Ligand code: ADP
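Single chain ahead, by itself, as structure tokens, in the form predicted on its own.
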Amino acid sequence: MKKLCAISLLLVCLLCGCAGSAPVERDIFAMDTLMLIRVWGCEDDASAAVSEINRLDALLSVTNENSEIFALNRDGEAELSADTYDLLVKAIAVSRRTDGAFDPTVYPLVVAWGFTKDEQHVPTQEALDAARSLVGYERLESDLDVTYFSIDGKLDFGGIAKGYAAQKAIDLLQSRGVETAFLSLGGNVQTLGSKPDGEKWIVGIADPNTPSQAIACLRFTGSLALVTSGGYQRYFDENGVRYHHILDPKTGYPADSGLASVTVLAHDGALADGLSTALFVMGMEKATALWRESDDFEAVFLTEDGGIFATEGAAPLLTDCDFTVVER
């Protein structure tokens, strides 16, 4: 029997406040999603974390006309700030590592499918071919040593920006002396330290068939980033066919990998975010092969046929479900 855990949003922590040490809480909307910020500190600490997320949202948004990414996509060149440049380097590293399953130049495809303006539709083959001709992270690599950047395609950090923002907010809180915090940025969760009451963090993994419920829970202590990517999170139906928003850069179509969702556990938020998208696109066989040659992430895979698979490092944390352990 699979026991369900109550969840809020898509991947959340089931928190219990501790006596005498209640967290300061903020609910915000940024990066096109609802976010929950809980900080075991003062009001100023929580406000600083919110300000950091909003700052990065304004910097990295693909639709904000005042952002660096919007200017870069519009003009083909822009002077990049330290954060944008840092994220670009991280994004290319994930792209290279996953053979392009994650690709920050996928924006033309996102536009072709209408996901930027909630005007989703299946593009014509001509439109798809034109968009695909502009996609390819390789075209970015030669310019990594400059901050005045030029491209002949368009960037979209949607598959990694929330993880980067969560990591930057956690780093800021640490610099302010905060020892415990919990951030939920849509499908991204990141913890700082252990709960003051000594209890474990409990994070639910959404059931793809009933996203308001959890199909499993992860219980752990300490600092960790957990990011889930799934086809159930955003989609549209056309002529009786469902199309989700996670596009395969190589085909231009929504990834058809046999996976319903992937949850990545890592100590770096940006890495967890980028890999969750990439592993979903890659499918179980290629994703687990990448895990076997890596030492910086663990994962939980939900397959379309209802299977749950956990890598060896994630398996001891996974509860409330029947699952198969992926061994090295």
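Note that residue numbering follows the sequence shown and begins at 1. Owing to the predicted nature of the structure, the values given are computational and were not obtained by experimental measurement.
In what follows, reference is made to the form predicted together with the named molecule, a form of this protein that is not presented.
In the predicted bound form, the named molecule lies within 4.5 Å of some heavy atom of residue 229. The named molecule in the predicted bound form is approached by residue 110, whose closest heavy atom lies within 4.5 angstroms of it.
Proximity of residue 277 to the named molecule in the predicted bound form: non-hydrogen atoms within 4.5 Å are present. Residue contact with the named molecule in the predicted bound form: residue 245 places a heavy atom within 4.5 Å of it.
Using a 4.5 Å heavy atom cutoff, none of 23, 38 and 165 lies near the named molecule in the predicted bound form. Of the candidate stretches 77-85, 209-217, 174-182, 95-103, only 95-103 contains residues with a heavy atom within 4.5 Å of the named molecule in the predicted bound form.
Residue-level contacts in the predicted bound form: of 223, 147, 233, 120, one residue has a heavy atom within 4.5 Å of the named molecule, and it is 233. Contact with the named molecule in the predicted bound form, judged by any heavy atom within 4.5 Å, is made by just one of 252, 204, 158, 153: 158.
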